[in-house]
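Take a look at this single chain, the form predicted on its own, given in structure tokens.
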Amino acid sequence: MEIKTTPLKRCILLEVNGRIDSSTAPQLADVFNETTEGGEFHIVFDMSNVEFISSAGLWVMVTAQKKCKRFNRGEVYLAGVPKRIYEALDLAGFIPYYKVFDSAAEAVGSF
């Protein structure tokens, strides 16, 4: 799994390539933690190149969203979610907790 972090004017863009599973989820959690500890709570999580996400990866996403929304500081937006992953998020009941956009550009523009 590769993670690219791009600081933008109004948010941070996190782009992930590859699989998010129990062995790579801690790496993703570290990136989210570094971002929020740095005072950035507006995050666009670009999932367009994510091939697979396990329950460990979903837990990382939920934890990041909780940190960002705490005290109304910000939010994690999802962008480019593949259909299969979107269906898994919907089945788990996570979709109502996120704003989902077709592309990272749309998500960044909405902040």
Partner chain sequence: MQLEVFPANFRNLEKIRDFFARAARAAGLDEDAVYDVQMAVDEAAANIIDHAYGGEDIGVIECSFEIIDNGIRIVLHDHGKAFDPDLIAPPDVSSDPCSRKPRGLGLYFMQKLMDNVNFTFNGDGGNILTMEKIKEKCC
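Residue numbers count along the first chain shown, from 1. Nothing here was measured: the structure is a model prediction, and the numbers come from that model.
Not on display, but discussed next: the form predicted in complex with its partner chain.
- In the predicted complex, none of the heavy atoms of residue 49 sits within 4.5 Å of a heavy atom of its partner chain.
- Put simply, residue 28 is far from its partner chain in the predicted complex: not one heavy atom of it is within 4.5 Å.
- Shown alone here, residue 22 lies within 4.5 Å of its partner chain in the predicted complex, counting heavy atoms only.
- Contact annotation: residue 88 falls within 4.5 Å of its partner chain in the predicted complex, judged by heavy atom distances.
- For the partner-free chain shown, 51, 52, 53, 54, 55, 58, 59, 62, 66 of 36-69 come within 4.5 angstroms of its partner chain in the predicted complex, judged by any non-hydrogen atom.
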